[in-house]
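In structure tokens, the next block holds one chain alone, the form predicted alone.
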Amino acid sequence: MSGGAGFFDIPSDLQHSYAGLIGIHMQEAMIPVGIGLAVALPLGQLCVRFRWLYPPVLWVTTVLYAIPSLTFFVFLIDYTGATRTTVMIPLTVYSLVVLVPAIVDGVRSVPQDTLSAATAMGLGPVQRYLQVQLPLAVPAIIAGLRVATASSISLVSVGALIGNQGALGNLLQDAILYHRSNLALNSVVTIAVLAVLTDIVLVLLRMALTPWLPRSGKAAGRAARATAVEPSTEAALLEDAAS
């Protein structure tokens, strides 16, 4: 163990500094969310285009989400070993149960008149989705990302139970092993701070991608619904899509 016992003194058995644990934690949390988003975007479009597909997709993701994370990890160990991959696969699956409905609901909220206008301007299905539907669905998608990200940052810690793969979660085990309650406090506080900071980044991203919306959360929600039927906003978006 390291010589000191301060708040930021990390036991040497973890083989990482405090900053190193934060970096590993964020990698294990954000990579699954990124992969989940990459899968959810085309899957969400398929669910919008083929309505019959949405109920079974939602059912499968919900059932997988109901599997306890530790059970999921133990099941995967036989195939992927006690590695980061074993931690990130369940987190990717868990993100889908939040991201797919967010994308589907956001895309479905785009008025039919807007889609008809986009079609009349010569935009095909893929162009409509990428250049019209997704921009209008950004508030809903970011809302889903906020939930998925906070959940992922929290669940990474469970990986400590299958080996040294839980990043900051390993501090909880060492708190018991070395009788150092400050390690547990460090883990909990740091994970909470990371979740809050990441959420702020996502809010700022939403503001950057939707400059036509007000900055306050409630006002933004009302404005998002209003812009769905506001001709001037639709026209501006369609002009950008066509250019």
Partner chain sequence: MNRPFAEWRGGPGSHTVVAVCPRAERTARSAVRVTPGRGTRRSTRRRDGDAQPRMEPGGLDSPGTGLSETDRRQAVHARSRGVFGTLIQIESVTKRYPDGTTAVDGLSLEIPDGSITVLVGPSGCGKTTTLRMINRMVEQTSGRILLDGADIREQPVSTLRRSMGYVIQNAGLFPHRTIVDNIATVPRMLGWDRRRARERARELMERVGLDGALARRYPYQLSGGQQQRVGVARALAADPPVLLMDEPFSAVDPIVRKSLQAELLRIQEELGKTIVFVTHDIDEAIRIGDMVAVLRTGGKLAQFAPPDELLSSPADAFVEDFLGTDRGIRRLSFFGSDGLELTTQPVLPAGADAAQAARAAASGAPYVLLTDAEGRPRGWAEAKGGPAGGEPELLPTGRPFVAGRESLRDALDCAVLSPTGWAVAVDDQGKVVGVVSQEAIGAAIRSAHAARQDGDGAGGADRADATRAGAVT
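Numbering follows the first chain given and starts at 1. Values in this document were obtained by computation on a predicted structure and should not be read as measured data.
Although not depicted, the form predicted together with the partner chain is the subject of the following passage.
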Partner contact check in the predicted complex: of 110-118, 78-86, 92-100, 140-148, the stretch with a heavy atom within 4.5 Å of the partner chain is 110-118
Name the single residue among L171, V104, V132, I153 that comes within 4.5 Å of the partner chain in the predicted complex, judging by heavy atoms.
V132
Heavy atom within 4.5 Å of the partner chain in the predicted complex: which of L213, A184, L43, I31 fits that? Just give me the one.
L213
Is A160 part of the interface with the partner chain in the predicted complex - any heavy atom within 4.5 Å?
no
Does the trio V48, P56 and T62 actually contact the partner chain in the predicted complex, every residue with a heavy atom within 4.5 Å?
no
